[in-house]
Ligand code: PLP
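Just the one chain here, laid out as C-alpha cells, in the form predicted on its own.
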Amino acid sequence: MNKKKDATTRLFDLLQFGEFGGVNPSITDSSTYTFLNPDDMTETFLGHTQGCFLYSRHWNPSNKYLADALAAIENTESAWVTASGMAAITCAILQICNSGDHLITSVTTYGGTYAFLKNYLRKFNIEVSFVDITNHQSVEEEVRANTKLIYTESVTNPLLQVSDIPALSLIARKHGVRLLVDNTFSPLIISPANLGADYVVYSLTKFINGKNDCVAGAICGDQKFIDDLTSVNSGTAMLLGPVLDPLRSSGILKNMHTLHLRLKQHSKNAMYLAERLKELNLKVIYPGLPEHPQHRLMKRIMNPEFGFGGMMALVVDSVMTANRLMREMQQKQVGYLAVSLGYFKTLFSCSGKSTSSEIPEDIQRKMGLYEGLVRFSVGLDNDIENTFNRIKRCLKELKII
C-alpha cells in the first residue's frame, strides 16, 4: 500500500489498455474461458494460478479492471466487485463471521443493512449488538470472547454521524477483531483503510458511479481476504454468486475518473444549502457545520480537498410536513422525490418512511431519527443559489418559515 500518493493519483497512475490499444479497457462479455493446457485448468480451480480467468462468476477481466481501480483509491491490496451494495455488505460479513460468532455495529445504519443484521443473521446463529458508534466505551463494553467484527459506516445513514475510524481500529486491534467500514457516503473524502479499517465496502450505485443507471457494490481489503472471498471451494462471494455484469463494470470504471470533480461540487453545493437553510433558523444536519457533533472529528480524518460530502438532512415537525415539502420541491424542480443518492440531480426522501423504514419506529426514536427528517443528496447544480431560492419559496408557501 502507498500512503504517500493520494487516492486520485493512485487511480490515474493505473494504465489499463484496451485489447487493441484502446484508451478504455476492453469489455469481456464471455462467461467462460479457454485453456491451452488441461493442467492449467486444474491449477486454476485449486487457486494456484495467477492471471488466468476460469469463469466470470469468479473473475472477469472487466471486473478485474474495476476492482484494481477501487483498490487504488482505497489503498488496499485488492478488491472484488459485486452486483449490489447489499451483496458487498452481506458477503463480507458472512466471510468473516461463522455460526456462533458475534459482531458489533452502529444502531444508526442503512435500513437494509439493519434488517440483514437484525433479522437475517439470526438464522445463522450470529449475534449482533447495536450501539451508539460514537460512544467508544459502549463499543468496547460489548466486546465478547466470540466477537469477530466491528461494523460501521464512515458517515452513517441517515443521521450523518461520523465514525471515529482510528479509535474504532484501536479497539478492534486491542481485542483481536476486524473492522469493516461502509464508505458509500464519503468516497475519496474519507480513506478508511488508511485510518485503520481492515476492509471497506461500497454501494457503487451511489457517488462512485454517479448516474443512477446501475446497481453495483465492492469489497476492498488485503489480498488474502479477497482470495478467500473468491475461493471456488469456500469463498462466500464465489459460492453465493453476486457477480457484476462486465458492461456495468466498464461504465462505472469510466465514471470513477470524474469522481474527484463531482465530489467537490456535491460538497460545495451541500455546504451552501446547509448554511443558507441554517440562516432560516431551521434544524439542519451536515458534518460541515461547526455545530455538528463530529465536525472536528470529520476535519481531522477527512481529505479536505473534497469537502464534507453531498449528504445533508433538514428536519421539519412531522412526516406530513416533510411529505408536503418534498412534493412541493419536486414540483418546483428542486430535484426528485426518490431514494438513493449520489446522482447529478438532487434527490430527497423522508428516511423514516423510506430507506430506514426497516428499523422499528421505537428504535428510530431511540436513535434520534426524527419523523420529519428529510434526507438530501445534493446534486451538481451549477447555480446552487437558484436551487436554494426554490427551496425557500417552498418553505414559505407551506409556512414552515
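A residue's number is simply how far along the shown sequence it sits, counting from 1. These numbers come from a predicted model, not from an experiment.
Although not depicted, the form predicted together with pyridoxal-5'-phosphate is the subject of the following passage.
Annotated contacts: Tyr110, Glu153 and Val215 all touch pyridoxal-5'-phosphate in the predicted bound form [non-hydrogen atom within 4.5 angstroms]. Stretch 77-85 is the contacting one of 221-229, 255-263, 241-249, 77-85, since its residues have non-hydrogen atoms within 4.5 Å of pyridoxal-5'-phosphate in the predicted bound form. In the predicted bound form, pyridoxal-5'-phosphate sits beyond 4.5 Å of every heavy atom of Leu188. Contact between Leu180 and pyridoxal-5'-phosphate in the predicted bound form is not found at the 4.5 Å heavy atom cutoff. Using a 4.5 Å cutoff between non-hydrogen atoms, Lys206 counts as a contact of pyridoxal-5'-phosphate in the predicted bound form. Contact annotation: Ile89 falls within 4.5 Å of pyridoxal-5'-phosphate in the predicted bound form, judged by heavy atom distances. Thr184 is the sole member of Thr184, Ser106, Asn269, Gln161 with a non-hydrogen atom within 4.5 Å of pyridoxal-5'-phosphate in the predicted bound form. Between the options Leu341, Ala69, Cys350, Val334, the residue in contact with pyridoxal-5'-phosphate in the predicted bound form by a heavy atom within 4.5 angstroms is Leu341.
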